[in-house]
Every structure is written in structure tokens, then in C-alpha cells.
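Shown below, as C-alpha cells, is a lone chain in the form predicted alone; questions about how it binds or moves come after it.
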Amino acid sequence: MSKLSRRTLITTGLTVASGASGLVAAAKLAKRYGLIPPDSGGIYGPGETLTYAAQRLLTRHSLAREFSRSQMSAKPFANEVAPLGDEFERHKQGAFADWRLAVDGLVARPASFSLTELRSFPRCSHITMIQCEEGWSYIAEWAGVPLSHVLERVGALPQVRYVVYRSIQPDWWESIDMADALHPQTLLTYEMNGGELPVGFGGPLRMRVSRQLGYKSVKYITRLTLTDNLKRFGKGLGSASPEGGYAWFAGA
């Protein structure tokens, strides 16, 4: 069976199951094909599963909408963050010269990269909209190194299914599946609107996941961990977001 016909069959099955036999039946079908999100438990679990499975089957390679420079927001909104602590202030006073991005987990070559090293890698940019679940949004130009290039540099192992990424703020972490990790619009961002990424917007280094809501684009990134299972991270729900009541998958 071709990939297209197989995908059509699974998608049709999910749709029929959700309408005829309920979300639980759809969740069972998604499980059969490995399309279960880490926060699939609980009362909303079947709905989360159906959303994630349908999105991955239908839009795995789709692009977030890109805009022209004339459409960029004149005054981007920087949401407030908690104090970043003494360690961050020391980095800031040193112009982030000692800032490092550690990459570990299921990799052939664990590594630690400085901002200078990240800037030496292939650079990519796009003008996209960042949207918050609280209702605000803005359009900006983001530039940085594709996450896929960093994963290639460290030798991501074949069994990797997720990338966990952490902020200098210890309780601020997220994860994405490999569809988003390898997506060309997913960047480790160090520039915004033609200049260095401001601290208020996540500088010196921010994950930019263009196809998902803003809380997936975590600020102040310091570590990536590649894994085949998210159960050993936090409460096993995939990230801090579902631990706080939001969905793990925040795609449109």
C-alpha cells in the first residue's frame, strides 16, 4: 500500500471512529499507528490524541504562513517573565560570551555549543506570526540555526522520537516530536527583526517552533535532550505545559 493511500485510510478511520464510536475508538486507532501524544491520559486524552494524530497525518510537512516585511508588527509584544536570577545576570553582563547550549541524550556525539559556534552554522530566517493562547500575537522576523542542523551535528540516533528543550529557568521546559524538530521553520533563534534577539523576547537563544502556539517557543534555551520516551521527564506528560493545564501539542 502506498504512503498516501495508507495515510488516507488511517485519517478516514480516525474520522469515522470519532464520529461513530466516539473519541476512545479513535484513540485506539491512533495508538495502533504510534500517534499518541504524551498527555493522552485523563478526561481530555482522547480529544488530544485525535487532534495530534490528525495533524500529523495531514500536515506533517506543511509550512507556517510567512509574511512580507511590510506586514511586520511595529510594536511586538514581549510578555512578562519571572526574574531570571543571578546566573542569567552574570551572562548578560558578559554579553553572553559564556552562554552554552548543551546537547545530550540519544546522540552519537554529545556537545556543548557557544553562541559564536551556533552563529557559524547555516543561518535561516523567516517572517512568521507568534500567537499566544492568551489572545495576543505579532509578526516578526526570526533568524538562527535550524534545529535539524544541530541534531545532525551531534548525530541523533535512529530511535529518537522527541527533543526536550530547557530554559535557564529550571521549571520552564518543553518538547517536540521529530516532525517539528526536523521541520525547516524550527529554529534556535539568536536574531529578531535584523538585530540580536532582545532579552525580553528570549535572548540570547530561543527555540522558535513556528507551527505551534507561543508557549512552545521557549526562551533562554540552555539544553537539548534527545529521547525515545518522555515518561522520565517531569510528570511524564511531555512538558511543563500539560503539567500546568495546557496541551502538549499546540499546533493550529
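One-based numbering along the sequence shown. Note that the structure is predicted; figures quoted are calculated from it, not measured.
The same protein has a further form, the form predicted in complex with a small molecule, not shown here; the description that follows concerns it.
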### Query
Within 4.5 Å of the small molecule in the predicted bound form, heavy atoms considered, which of Asn79, Ser125, Ser114, Ser73?
Asn79
### Query
Heavy atoms within 4.5 Å of the small molecule in the predicted bound form: does Gln212 have any?
no
### Task
Could you confirm whether Val218 comes within 4.5 Å of the small molecule in the predicted bound form, counting heavy atoms only?
yes
### Message
Glu133 versus the small molecule, in the predicted bound form: is there a non-hydrogen atom within 4.5 Å?
### Response
yes
### Message
Just checking whether Gln169 would be counted as a contact of the small molecule in the predicted bound form - the rule being heavy atoms within 4.5 angstroms.
### Response
yes
### Message
Is it the case in the predicted bound form that His91, Trp99 and Tyr190 each bring at least one heavy atom within 4.5 Å of the small molecule?
### Response
no
### Query
Of 179-187, 193-201, 46-54, 62-70, which is the one stretch near the small molecule in the predicted bound form, taking non-hydrogen atoms within 4.5 angstroms as near?
193-201
